[in-house]
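The data below hold one chain only, encoded as structure tokens and taken in the form predicted on its own.
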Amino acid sequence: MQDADTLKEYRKQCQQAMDDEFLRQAMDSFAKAYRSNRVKAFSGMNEKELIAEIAAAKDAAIVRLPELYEEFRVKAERAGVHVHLARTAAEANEIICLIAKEHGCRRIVKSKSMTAEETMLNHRLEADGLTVTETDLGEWIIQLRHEGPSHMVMPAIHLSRYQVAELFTDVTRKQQDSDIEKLVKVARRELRAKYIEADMGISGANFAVVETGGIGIVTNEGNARLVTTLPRVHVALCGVDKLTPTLHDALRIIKALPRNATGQAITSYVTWITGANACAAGPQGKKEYHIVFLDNGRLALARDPDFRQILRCVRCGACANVCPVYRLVGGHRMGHIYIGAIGLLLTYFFHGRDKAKNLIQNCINCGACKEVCAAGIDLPGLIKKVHARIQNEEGHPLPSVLLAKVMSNRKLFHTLLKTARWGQKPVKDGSTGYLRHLPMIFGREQNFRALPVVADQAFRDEWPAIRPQVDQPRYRVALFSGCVQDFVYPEQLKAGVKVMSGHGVAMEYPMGQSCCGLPLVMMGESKAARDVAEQNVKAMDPARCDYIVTLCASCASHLKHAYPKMLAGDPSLAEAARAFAAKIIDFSSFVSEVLGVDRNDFRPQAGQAGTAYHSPCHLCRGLGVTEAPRRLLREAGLNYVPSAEEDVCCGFGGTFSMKFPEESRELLKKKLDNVAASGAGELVTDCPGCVMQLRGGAEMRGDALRVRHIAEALAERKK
């Protein structure tokens, strides 16, 4: 792929991908089908338990990689295999070229290997005058097109059958039909002779099993078996991270890998190769068999406690399958060589900072990849860490530095927000509650949604007057507002207070609290984010309350999961952060499950228009809360109308929508189109950021859609 030097250039490349109508349709169709197929494939299994077992086994192996390599080498060499360890990609290519030269190999067939893509092996082999043919159908197609794969499992997913028919017509110099079965027959006919003529076969390996000294290959086509059996020389190239202590460990991964990759219970072929097999054309009647293990930074990564979990990856590609950004722009823009969320990470470690610096920012932090990862990798968390590391290495952009300085100082931050009430007057539309036009700092690309004005009075300033007085409370609650509800949407917090009132809840609003710090994390400002976390933990004493309730799903997830990690290294704060996080609960869960609010708390209302629900990413995935808000809608007598893909990101992602407005706009359009198709007249959600995105988008489109926080919808009907 062509790499962009600047974020602006990268955004242009992404826009070009979004302008490809076929690509968009193909990605949409696949994403929708994949979700349902995956659910069916894992039906009847304890998916989370299986993933936890895979993660634990991989972690145990990662810290022993040098030891496992030596054990494997000894066993494999006893069985007649030549084992090599290449420190770099160039060294791996050199080893394979020398093997070809030593054995007089001129014609090579390859089965699919992402490791070979990583080393750019084909380029080196061809530079040495060797003829190389990819035999996986998708890989052969993109080889003929001189492209890289757009998916780790389905490398040609971005192409239509018509494009393939045109390609095959050029290759065969004969007009080809676009019927898929006929195209497969053309490929089979063209490739068959290549297997017979080949001197060397090159494969990858999904597993290198230490206890047997053999490799395992998981495929859906028979080409890998032909590549590894017909030529007189076989070379397997795999990352050193593929070392697997036992066959049981490998078989456990196979239970998850095809289900996660393509929604299959099992792939068509699982091939195990142990030792140099009989081969009439080989030396002493045996196949010349080599296994080249690639390091290329993996052994150093295995020693890194922050990032070693990356090596758990089983290359299923599921992180791309569910990624809303990948769905928009495809693999040639959502990766360098490796694709999807794992590709953003591996690009930095395997191909360097320059290749990764723009890619790493194209993550909306929706958590969909983490939820489906077959190895339980915290992909969004690691992506944010790599972004911060790159900024530490290259220098922090001025907007990022300024944001960090302002938000680290709570009093300055809040003063600026309050001052914005006056500064917005020239662009404020008093009748709508939106900015009449955007200030120049936003740019025209942000005009896909209307932006709200800062409220006339912050929630914290109204709190003394609206605080409920409770003499004998059932629960003591501290309210965490976040900055958006405090200064932009205080009506959401007031609605939440109204819903909780009358249930014996004594509420406090600690004035020392500030923004949760998630925007800082998204901007790569990890030090400032930690400083803000410390302020908030010190502002709220968990011993004085039973729960810390927040009406912002993004805040809740960040406070609960990130704070204990961010403050773990400080002995004076670590325990306080854990106690703080343990008390965090989202509004819907608290009202539904703790207070037990039901239909008796609401007034009946006839003729209610349909109400759709948008499930915020950090609620349904970050906190695992799915039923509580929908139950509340039903209990309140709201006519809940399901809409398509309720849990797919709305495109906000905080600062993501500022950096990638083109992608944010398209995700917003999909969400609003789905709601419109449901026929609902109202849309509710549990996140003020989502309200800002969805309400502002509906306003710009002129949709007759009322967008509210769920607390507002409930408060309106409360008795």
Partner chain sequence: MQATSEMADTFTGKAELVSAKVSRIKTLAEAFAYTVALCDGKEMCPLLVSGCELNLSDPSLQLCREKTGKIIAAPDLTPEQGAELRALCAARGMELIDSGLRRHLGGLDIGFTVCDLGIAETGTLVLNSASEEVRLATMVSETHVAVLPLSKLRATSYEAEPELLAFMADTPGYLAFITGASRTADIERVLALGVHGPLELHILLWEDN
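Numbering follows the first chain given and starts at 1. This one's a predicted model, so the numbers in the text were calculated from it and none came from an experiment.
Missing here is the form predicted in complex with the partner chain; even so, the following discussion is about that form.
Proximity to the partner chain in the model of the complex, defined as a heavy atom within 4.5 Å, singles out one entry of Lys411, Lys101, Lys174, Arg603, which is Lys174. Shown without its partner, this chain lists Ser400, Thr274, Gln535, Gln608 as candidates; in the model of the complex, only Thr274 has a non-hydrogen atom within 4.5 angstroms of the partner chain. Although the partner is absent here, Gly331 sits far enough away that none of its heavy atoms falls within 4.5 Å of the partner chain in the model of the complex. Using a 4.5 angstroms limit between non-hydrogen atoms, Ser29 touches the partner chain in the model of the complex. In the model of the complex, no heavy atom of Gln457 sits within 4.5 Å of the partner chain. Put simply, Gln264 is close to the partner chain in the model of the complex: some heavy atom of it is within 4.5 Å. Looking at the partner chain in the model of the complex, residues Val594, Arg630 and Ala704 place no heavy atom within 4.5 Å of it. From the list 375-383, 464-472, 305-313, 148-156, the contact stretch for the partner chain in the model of the complex under a 4.5 Å heavy atom rule is 148-156. In sequence order, Leu247, His248, Leu251, Arg252, Lys255 are the residues of 233-261 having a heavy atom within 4.5 Å of the partner chain in the model of the complex; the partner itself is omitted from this view.
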